[in-house]
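A lone chain, given as structure tokens: the form predicted alone.
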């Protein structure tokens, strides 16, 4: 049976205990793993393998402990500096000893600070630990890189240059856990396996698209210091929001092969209209949450946030895609902290009929409601809803909204697997479909950087305050023009 070695750099961090080990145990419980799995944790802090196993077990539910007990003897811990050539040489020898003469596949997981990605890959390359022939079925070498992939276009390009000077693109797995969510994956299935929707999925029938990623949390866990160096644009829009947009707007791929899917996503991100500073002032609203009855502290009072910080905790964008399918259709993108509700949702608003044959009033404000809309709810409730109008019973032609709803819980016998469980298995199997290619990251940063430059230009729109627990700054409502509607409110 084949041996797979998963080498986790930064193994003493929360990511390993909260996400990676539970994901591995989940795959083992599901019978998804083939052959022997060995986990080798690497970190600077000193501890024994036995002590590390005990620490990891405390993060697992009791129902997973029988699976963990079978896996634990194959879990090892090695203390040392990942920047030391001598340590990496010793680690290479230790991995060979654990393989006992076999030629295992090795997955190097960089659960490290982003500043360490490039030097660690350079060290692994110098130690001869990541070289393998293309298409190797045994003895393969892959590297998983956690986000953020740079802090702007220039740093992302620099990181890609380093990675690609030591690895092939097929060996690099840039992970965005949002793509591991079952409902995100179902966007492609819903679009391309249902003939009644794909013909409508274009500018001829869709008036606007909204993508909202709203969070109720603020700077819990002392995240203020880190978050202030990123902000909502870098932390959410450049990756999660634009990845969902790419799946919604992409053309049908030639196949579901990784590069076929990712190439279509790159085409969408490369077609995003790059806004000028004047367009940023008109089409982008940034905000920062304030104290309210729902929350004692505003952003500026959070631990680690410097006085007078202008880091945005909310951003709303009216974006455009300049290609044949979507030209002229506004894409409304929104994300924020301390919002009224936690949810991620995509709404496609379809155009109104060209003639109102019934000549009947619509119940509610006509400009706030389109007759037909499709709601794809990604979290916390995984649902699909289709809105339409029906005639209200009785005399006259009073119309009222109705909704068809599908809930994923109706077809699930077990809870949905966490995103990391799917993505970790894909990395082990070499399936890069749900991972981000280098040119994807650069295309996304090109769009985000233009917005940041607009914020720094003379005459930039100021940052808007909004009360914690609200729907965000009122100024964001003006991104909808005329009779285009308004922001969705979630479930």
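Just so it is clear, the structure is predicted and the values come from calculations on it, not from any experiment. Positions refer to the first chain, counted from 1.
Below: the form predicted in complex with a small molecule, not depicted.
Not displayed here, the small molecule is approached by residue 44 to within 4.5 Å at the level of heavy atoms in the model of the complex. The small molecule is not drawn, but in the model of the complex it has a heavy atom within 4.5 Å of residue 15. Proximity of residue 114 to the small molecule in the model of the complex falls within the 4.5 Å heavy atom cutoff. For the chain shown alone, residue 473 is not a contact residue for the small molecule in the model of the complex, no non-hydrogen atom being within 4.5 angstroms.
For the options 326, 420, 140, 350, the one in contact with the small molecule in the model of the complex, meaning a heavy atom within 4.5 Å, is 420. This chain appears without its partner; in the model of the complex, the one residue of 151, 397, 81, 165 with a heavy atom within 4.5 Å of the small molecule is 81. Partner contacts here mean any heavy atom within 4.5 Å of the small molecule in the model of the complex, and among 286 to 294, 199 to 207, 179 to 187, 104 to 112 they occur only in 104 to 112.
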